[in-house]
Each structure stands twice: as structure tokens, then as C-alpha cells.
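Here you get one chain, nothing else, as C-alpha cells; it is the form predicted on its own.
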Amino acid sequence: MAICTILQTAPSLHSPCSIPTSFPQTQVIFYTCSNGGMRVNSRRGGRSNLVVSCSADSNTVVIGLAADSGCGKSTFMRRLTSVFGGAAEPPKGGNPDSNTLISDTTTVICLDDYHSLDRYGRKEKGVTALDPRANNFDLMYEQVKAIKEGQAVEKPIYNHVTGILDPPELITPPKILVIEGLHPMFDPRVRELLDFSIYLDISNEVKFAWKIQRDMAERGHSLESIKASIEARKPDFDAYIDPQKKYADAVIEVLPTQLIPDDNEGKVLRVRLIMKEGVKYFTPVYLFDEGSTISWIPCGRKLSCSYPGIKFFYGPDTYFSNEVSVLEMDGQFDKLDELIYVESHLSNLSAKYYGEVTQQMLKHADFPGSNNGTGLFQTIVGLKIRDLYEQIVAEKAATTVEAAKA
């Protein structure tokens, strides 16, 4: 319970609901309701004469993660939730086919749940899931906005097994809401709600290899159907998904290696972390000397490197007319515990202690990409998001204290 005093001239309570201000000095008592909202009683002389129901003041931070299907969003989500502690799991007692993942701190929503057309409806109309016409952006915006403001919502569920929409599930406001999928930055209204945004940009060669591995091994699709799906989706991907990367605060770009001439196997990757300059609460990571252009081959006594070795690059660049810093890793680690040597040369990691990046990587050594730049940069971005969240919460707390003093 919290008690505050409202003066007749006070414009608001700095909360999502408004309180009439046409009464003299009044004591207001807040009670947290079982539904996560707030019940407000105002008293004059011991009498209760006003009851207002509204949502609780929320610190929910909203992160957007955009990528095509089969590009590693699920692995990134597991790394991100691990940074905050606790494993992300489907809602307990809910639909076993739910796409939502919940941990102590984060809730991850799959934007496939906002398909307005199910698998059969899309087939009938001749559109893919990437087409905006197959998605309900109005509902997406309304529900993400409501969660950010501290209100629970009944979110639809798109069942990837049956291809139809299941009954909705209750989503309560978490500390961090991650919306991941095809379109988190497509609608400008939703984009405006994001506190930070990431785009996973996987080259066509790498994407094909990853999609085959996932859809054949995990979903039982045939090679022919996967190839047909990729070809059918490409025009819509180029039109509606790929352009979103220009809005991202950070881009993880995965490309074929440059260390092996004419490499066709795709086992060794070149990964670039593109970090936009000037983003509030976010300071780009740098190698050795901030703002310089660095090329570094660390292989030697302190870092084991089998063929074709490892090469790092760091430097300033422009990306869709935005100033960015780029950190690049080409190659893969032989011994993951030796990553500490690389970590010691990186700055602005937002780690809580020396070696936290290495510890996180070792903790999830069995995750895809743990021996190359995809795992390294996903982990780094996870630490940056934790730091961003803590800065936002601290700033809100300071604002609340100052408002109370006023």
C-alpha cells in the first residue's frame, strides 16, 4: 500500500489513469488488485468517496527482434532470458502449443500469434505469412501498448502444428516484453513502442542451411518443400521483412567466411554486429580503441585457432545513412574457455563482472553458434539489453522521487 497527497492543482498522479482534481487536498490510498491493476480510494475526513480502477504504473520495457523464419530467433531468446536469470518456459497449465515463453523477468511473444489469416486462409487468398494482409497490426499495436502500460491482455495463439488460431491466452505485464517475429518494426505505431530493436540479418546461403536443419530435423519437412517455401517467400521477404533492418538499433549480420576462398560448406561464418550510434541507454561495444579502425588476428599462444583461424575487425561505418560502429568476427573458437582473452580486449560490454561474457557462452556451449560470432554477439546484445533495462528503471524511479518531492 502507498499513500500520497493530491492537491487541487495537481495535474496527475504520474500513473496510467487520471484522477479528478476538482476536489481540495485529499488523501489517496493505493491497493494492488489481484488482477494486476490498481484500486484507488480517496478520503476526506476518514470518509471514502472516490473509487477509480486503473492499471498499475508499469516499468515494462519492450524489445523488438525481427528476422525471417529459421534465422535463430529462438536461440537468441534463450540467451537473452538467461542473462536475466531463469529459464524461459511456456505458460504453466496453458496451451501446450503456445508460442509464448516466460521467465522470472521476461515474457517473449511470437508475433505469428497476430496472423489474421490461418494457414488455410493464406492458401485460399494466395498470400504468405510475410504479407501484411495476413497479419492484424491493429491488435498487435493495441496489445503491446496495453502491456507496456501495465495492463493484462488476452493474446491469440497461432498453432504452428495445426496451422490455425487457438483460443487466446492471458499475458500479464512482465519487466521485459520481447516481441519477436517477422514484423516487429513494420508498423510505425508498434515501432514507436520499442525501447530497443534488433534485426537478425542472415545471408541467403546461411539461411538456407539453417532452415534445412531446423525444418527437416524439428518439423519433419522435406527438402523439396523447404526449397519451395524459401522461393515462394523471397519476394515478400524482400518487400516487407528485410527493409525493417534500417530501423534497428543493432543488427547481427551472418555471412559466409572470407577466410576460405570460394567456401561452399557454410560451416565457418563471418558475423558482424552493427551498432547504431546515439541510441539512448545504449553504448556500442568497441575493440581496443573506440572510434579507431582495427584489424586483429588473435591466434597464438593465448587463443587456439585451427584452420582457417579467427579474424576480428572493428571500426566506424554508415548503415542506411546512420552512423554505426561495426564489430566483426570471422572464424570460430576451438576452446570456448579461451574466449576470456578476446573478452578482455572488448570494452563497453555492460558486464557485471570480468569474464561474464565467457561464462554465459560456456553456460550454453551446446547452443547453436556458441563457437562463433553469432553466439558471442547475441550474448553481448543480451548484456546490453539488461543494462538498458536497468537504466530505464532507474530513470523512472528518479523521476517518481522528484515528482513526489514536488
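Start at 1 and count along the sequence shown; that's the residue number. From a predicted model like this one, the values you see are computed outputs, not experimental measurements.
Beyond what is shown, the protein has a form predicted in complex with a small molecule; the following relates to that form.
- Looking at the small molecule in the model of the complex, residues Asp112, Arg122 and Tyr158 each place a heavy atom within 4.5 Å of it.
- Checked against the small molecule in the model of the complex, the candidates Ile198, Leu80, Leu182, Ile179 yield a single residue with a heavy atom inside 4.5 Å, and that residue is Leu182.
- Though the small molecule is absent from this view, in the model of the complex it lies within 4.5 Å of a heavy atom of just one residue from Ser69, Ser350, Gln360, Thr60, which is Ser69.
- Shown alone here, Ile230 lies farther than 4.5 Å from the small molecule in the model of the complex, counting heavy atoms only.
- In the model of the complex, at least one heavy atom of Ala129 sits within 4.5 Å of a heavy atom of the small molecule.
- Note on the interface: of 314 to 322, 112 to 120, 283 to 291, 187 to 195, the segment with non-hydrogen atoms within 4.5 angstroms of the small molecule in the model of the complex is 112 to 120.
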